[in-house]
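Shown here is one chain on its own, the form predicted on its own, set out as structure tokens.
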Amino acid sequence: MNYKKYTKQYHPVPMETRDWPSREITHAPKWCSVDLRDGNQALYSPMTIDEKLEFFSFLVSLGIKEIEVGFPAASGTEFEFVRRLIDENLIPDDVTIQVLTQAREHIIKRTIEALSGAKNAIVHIYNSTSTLQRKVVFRKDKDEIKQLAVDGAKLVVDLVEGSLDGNIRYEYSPESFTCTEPDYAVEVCNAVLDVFKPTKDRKAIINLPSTIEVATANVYADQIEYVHKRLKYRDAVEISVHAHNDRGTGVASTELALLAGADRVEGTLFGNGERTGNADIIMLALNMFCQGIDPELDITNIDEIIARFEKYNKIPISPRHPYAGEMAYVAFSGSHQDAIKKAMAAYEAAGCEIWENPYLTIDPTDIGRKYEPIVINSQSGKGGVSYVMEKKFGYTLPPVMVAEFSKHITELSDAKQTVLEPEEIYAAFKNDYINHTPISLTSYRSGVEDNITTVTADIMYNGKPVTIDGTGNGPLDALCNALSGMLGLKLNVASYTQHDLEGKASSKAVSYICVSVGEKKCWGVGIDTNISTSSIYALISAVNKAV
């Protein structure tokens, strides 16, 4: 690999000290969705107007208050969509639409025309300022590029003030900011702000995009802090960030940018966007949520958000997506399954208000999900098998029995060379522990005299009816002695537990019995509405396994 053909594309940030490393995120930023612009233009087949209208309504329902709805000068579809939003009064009074335009005269005029009648809007103007773009695309020097920005800003202000009556705000982006000299980026932004003349009551937005990620996230944070400390009108300006994901760190870059002074985040649901996508609003919001910060978005039904996203974008969500992926709350590792199970049991038992779990950063029920290790593979262990049997089928297996059964499940998964579904696990459980041959119970009778229990049982043994009798210190002991005599074996009940199968008075009881035959120990399970009968069935199942 010829790595020497590559070099740093970003400029060093001249900072002797930096504040962002010692800060923490304490509150949600102002969110701006660019799904309908950046996300839409990145689709193989862009959305229809009706799809965009539906998606806009859904974004509003999530609580997003600023939505970049398109590039009105780009096409008739984009222009008509903006007009329908305004003409059909589809924009709530507390929601602001944002439109994008290059700093070019005819594009600006068409964009302002699209906004006629808007109550609340942001005109987002941009031009590229990076060293490489100046050199190979525009072939202009720094002063000429700055003048493009200033002239574009002046035209926007003149047209807005002359033709629009609504609450219209201004936003400027030095596109390719991450590849622009920091001092020059400040110079251009301040020149544009001198045109906008923002006030505390009518703030301007300076958007500092990571149009292409070219460095580690800490460099982006340095760039943001550098501008943050040098912008004019700072108390009348919102610093916005729009991070792309070329290096896979769009979320990290955005979070560090918030520490460095950013007030606002432009992103998309699940990170859709040009090339490798944008910063993922859902991931950012849930990262805050799991730290006890209100994200100020309604993301309590993650499956509905996924369904809407996939419907309009026709892009699937990765099964390993944090929080939203179908595998996000599935653990295969035995130690992980065991730790999750124990932590969730402790959380439920204590009635805790604070969520603590070794492997799940949030309670999946908070976003409409459940933790269900409903599939088990050869890497799974006791915890996963135990959880499936308990949560899916209602069986709380004794620990020693779980250890034995999980080994069998591992062997089955190894042989199958893939996961086992819950029904396959349950079928193996019944086959292993609920045994009706060679002995099956037809009926039994018991009585007590002088603290000695007598049991008479009618059974089928190898297909033939047999009646056996035995005495002991209880029905189980008496039947065990009767079976010992019939089989010529010394059988002992080594362990016995039982519980309600469904956790309610009318449910069946399940019994677990371990029978020892010398050094050999065998487990059996019995189920019946009568506790004593379920224990008898369990004993016979265990004896059948022994013989």
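Since we're looking at a predicted model, the values are computed, not measured. Each residue number is its position in the shown sequence, starting from 1.
One more form of this protein should be noted, the form predicted together with 3-methyl-2-oxobutanoic acid (KIV), which is absent from this view; the next part is about it.
Peer 1: Heavy atoms within 4.5 Å of 3-methyl-2-oxobutanoic acid (KIV) in the model of the complex: which of the stretches 207-215, 150-158, 424-432, 351-359 has them?
Peer 2: Comparing against 3-methyl-2-oxobutanoic acid (KIV) in the model of the complex, the contact stretch is 207-215.
Peer 1: Counting non-hydrogen atoms within 4.5 angstroms of 3-methyl-2-oxobutanoic acid (KIV) in the model of the complex, say which of E404, E175, E238, D222 makes the cut.
Peer 2: The option sitting close enough to the partner is E175.
Peer 1: Let me know the one among A324, L100, C189, A260 whose heavy atoms come within 4.5 Å of 3-methyl-2-oxobutanoic acid (KIV) in the model of the complex, would you?
Peer 2: Of A324, L100, C189, A260, the residue with a heavy atom within 4.5 Å of 3-methyl-2-oxobutanoic acid (KIV) in the model of the complex is L100.
Peer 1: Since only the chain is shown here, I'm wondering whether Y226 would be in contact with 3-methyl-2-oxobutanoic acid (KIV) in the model of the complex (any heavy atom pair within 4.5 Å).
Peer 2: The answer is no: Y226 has no heavy atom within 4.5 Å of 3-methyl-2-oxobutanoic acid (KIV).
Peer 1: Do K52 and 3-methyl-2-oxobutanoic acid (KIV) share at least one heavy atom pair within 4.5 Å in the model of the complex?
Peer 2: No.
Peer 1: Taking heavy atoms and a 4.5 Å cut-off, does D35 contact 3-methyl-2-oxobutanoic acid (KIV) in the model of the complex?
Peer 2: It does not: once 3-methyl-2-oxobutanoic acid (KIV) is placed as it appears in the model of the complex, D35 has no heavy atom within 4.5 Å of it.
Peer 1: Answer for F289 alone: is it within 4.5 Å of 3-methyl-2-oxobutanoic acid (KIV) in the model of the complex, judged on heavy atom distances?
Peer 2: No, F289 stays farther than 4.5 Å from 3-methyl-2-oxobutanoic acid (KIV) in the model of the complex.
Peer 1: For 434-458: residues with a non-hydrogen atom within 4.5 angstroms of 3-methyl-2-oxobutanoic acid (KIV) in the model of the complex?
Peer 2: Not one residue comes within 4.5 Å of the partner.
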